[in-house]
Ligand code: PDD
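Next up: a single chain in structure tokens, the form predicted on its own.
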Amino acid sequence: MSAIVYLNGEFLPADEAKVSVLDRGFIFGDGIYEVIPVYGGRLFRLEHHLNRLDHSLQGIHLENPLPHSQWRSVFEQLVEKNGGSDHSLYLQITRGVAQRDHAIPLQNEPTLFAMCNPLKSPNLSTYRQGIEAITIEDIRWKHCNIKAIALLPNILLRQQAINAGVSDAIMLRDGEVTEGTAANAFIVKNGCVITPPKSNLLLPGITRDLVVELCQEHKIPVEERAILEEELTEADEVWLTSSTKEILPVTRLNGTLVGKGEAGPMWEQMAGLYRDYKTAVREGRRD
């Protein structure tokens, strides 16, 4: 049975959904996207995701085609039509169909697409082992705060890590950490959780912000500041965070153990707080 997707106002089976080859998303990668976790049929931090959606659309000079309340209705219907429970909801908005021209069309109907994929909770024993990563030069453009669908640089950087026999890479620009290839980066040093500040050089992650909030709420020292390359390599713990990865420890970096080569005590504490937050979302006590 084909999954149900949303396309331009309709809910229909995925194998029946069609988009024009002249869509600017296909021709130019002219569009943006969001990924929203769903736990127990409940949308996770939806307003945060929709605010970031607004920011990305503003960044590419495209008006949001639907108000937040209508997006919520679309997403809730889509989740219900796909069985509720835990999902990763993907939304993509492109500038739509137009004659091929680099200039932005003055009047154009955007293409709206959303789908759900089953989302499995991280396996704790696997996460405690962590992943291996390398550091790599950040070759991307200078508007990484826009969640654009044109992800070829990220793909090439991730493949460079895979070709090196590791799971992911942490990017560096001018000797400072930016983020992972599809995740925000954190380090822990001397009991303090540290992550790079928001800027045009990295995506303002929803999970990233939640980790910072949970630290503040539970009196865990946290700083949003630049992380130098040498600080990364000397960190007690290194994490990658995203909506689907949640909080993923990096336990080996550039062939060297991070800390003891396993998830550290601060990760254990933060992972527990994150699980508690997800439980509250499932029970409708938090968004």
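We number the residues from 1 along the sequence you see. Here the structure is a predicted model, which is why all the values come from computation and not from measurement.
This next part talks about the form predicted in complex with the ligand, which is not shown.
With the partner left out here, the ligand still marks one of 255-263, 64-72, 241-249, 214-222 in the predicted complex; by a 4.5 Å heavy atom cut-off that stretch is 241-249. Heavy atoms of every residue among Tyr33, His49 and Thr207 are located within 4.5 Å of the ligand in the predicted complex. In the predicted complex, at least one heavy atom of Gly180 sits within 4.5 Å of the ligand.
With a 4.5 Å cutoff on heavy atoms, Val193 does not count as touching the ligand in the predicted complex; it lies far away.
When contacts are judged by a 4.5 Å heavy atom cut-off, Asn184 counts as touching the ligand in the predicted complex. Put simply, Leu78 is far from the ligand in the predicted complex: not one heavy atom of it is within 4.5 Å. Residue-level contacts in the predicted complex: of Asn154, Thr111, Ser167, Asn82, one residue has a heavy atom within 4.5 Å of the ligand, and it is Asn154.
Interface residue among Leu91, Leu203, Val188, Ala161, judged by heavy atoms within 4.5 Å of the ligand in the predicted complex: Leu203. Contact annotation for 136-154: residues with any non-hydrogen atom within 4.5 angstroms of the ligand in the predicted complex are Arg140, Lys147, Asn154, listed in sequence order.
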